[in-house]
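The chain below stands alone, shown as structure tokens; this is the form predicted on its own.
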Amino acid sequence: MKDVMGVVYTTKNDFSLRELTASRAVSALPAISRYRMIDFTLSSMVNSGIRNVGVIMQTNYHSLMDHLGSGKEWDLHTRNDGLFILPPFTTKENTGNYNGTLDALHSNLSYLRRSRQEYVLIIGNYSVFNTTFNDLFRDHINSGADVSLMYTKDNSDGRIGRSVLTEHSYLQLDGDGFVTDIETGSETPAYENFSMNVVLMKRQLLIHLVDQAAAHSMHDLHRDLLSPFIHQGLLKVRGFEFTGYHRRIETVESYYQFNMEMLNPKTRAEFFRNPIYTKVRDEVPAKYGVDAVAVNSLVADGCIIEGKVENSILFRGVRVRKGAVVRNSIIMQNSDVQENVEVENVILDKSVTIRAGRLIGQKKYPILIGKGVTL
């Protein structure tokens, strides 16, 4: 897939994620003790042979830019092509605040025009999966389609972010695998084929479509452009089913559930079937005290465990002091659970200190403490 470029569209912050995205983009959200959400998308692209990737950003993108750096960890720091960070800026053509994928692409048409690859792969930032796109590319070429959409069977289980419900698209397919209808924004969709916001087409076709969309005030790629073009017979749109592990991170509950699922060895082995790359931070190994207990947990480098940790995910530099108990929780970087404190079904953002008492949530409704808070 050397003739394919990638575009990652990091959408506006989802209020359903509350404090988790108050000061960071969804793509910068920490996950599985050492990764960020965007790592899964970039790794899938790199493992597919894509070497030209543009990341379109909007608000609260500073931590994401710091994480991506030059793209070295993903081998995207080459002289030709590589990683291109496309932050918002205000010009006559670029509003800096996008109402949809088409707006974002139109504001970055110069990047699309100067790229040399024949095809472009566009991916949103809410879906979590790990794959390669070689089979998608082959199916796209062999089918003769103008556009290919990757989809999966709906597995949301009701964990849907209300503020991004309008972005959910479902596909109706004919017997040959071509899309005959796209339903977007429905609370009770008629189709079970959930679009993963993975779109493949020729770069010149995308440039033409984006230009036409801007001329007709179109914003949403699925609803405003692809759906009417399908009904009018102007585009052949192909559906490609993804059968691997896939989750949508749109609420605090879905974020918590995804991380907890990674504690299952079988689920983790399936998800990490292909390598996932992230920013390297050299830390000392985790240190366990004499009375420390750690059961079925993911503990990152630099942690100091003196109490009990069970079924939890600890990021770098977390400290669990003597007598403290951490159970079924997600503790982010540099947080401190002090002596004799008990937390269960809790998400602590970065640099949170819990000094005393018990903090007990429910698995379906975990307690979330924002960044830098002391309790």
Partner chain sequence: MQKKRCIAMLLAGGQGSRLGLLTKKVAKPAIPFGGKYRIIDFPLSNCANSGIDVVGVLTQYQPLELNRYIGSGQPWDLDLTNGGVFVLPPYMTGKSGEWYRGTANAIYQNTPFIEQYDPEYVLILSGDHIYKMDYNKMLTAHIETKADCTIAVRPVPWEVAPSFGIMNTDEEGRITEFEEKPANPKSNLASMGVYIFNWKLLRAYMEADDANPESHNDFGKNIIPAMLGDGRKLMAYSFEDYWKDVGTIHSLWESNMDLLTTPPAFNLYDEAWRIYARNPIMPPHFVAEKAVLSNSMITEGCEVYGTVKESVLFAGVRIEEGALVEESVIMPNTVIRSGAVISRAIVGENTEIGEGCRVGGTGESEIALVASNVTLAANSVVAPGEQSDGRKEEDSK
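Numbering follows the first chain given and starts at 1. Just so we're clear, the structure is a prediction, and the values are computed from it rather than from any experiment.
In what follows, reference is made to the form predicted in complex with its partner chain, a form of this protein that is not presented.
Heavy atoms of no residue among Gly185, Met196 and Val210 are located within 4.5 Å of its partner chain in the predicted complex.
A single residue from the set Lys153, Lys72, His231, His216 has any heavy atom within 4.5 angstroms of its partner chain in the predicted complex; that residue is Lys72. Just one of Thr101, Ser297, Ser254, Ser169 comes within 4.5 Å of its partner chain in the predicted complex, counting any heavy atom, and that one is Ser297. Only one of 115-123, 223-231, 143-151, 269-277 places residue heavy atoms within 4.5 angstroms of its partner chain in the predicted complex, namely 269-277.
Taking the partner from the other structure, its partner chain in the predicted complex has no heavy atom within 4.5 Å of any heavy atom of Lys308. Contact check for Asp301: a non-hydrogen atom falls within 4.5 Å of its partner chain in the predicted complex. Of the heavy atoms in Asp176, none are within 4.5 Å of its partner chain in the predicted complex. For the chain shown alone, Val284 is a contact residue for its partner chain in the predicted complex, at least one non-hydrogen atom being within 4.5 angstroms. Contacts of stretch 20-50 with its partner chain in the predicted complex, defined by any heavy atom lying within 4.5 Å, are made by Ile32, Ser33, Arg34, Tyr35, listed in sequence order.
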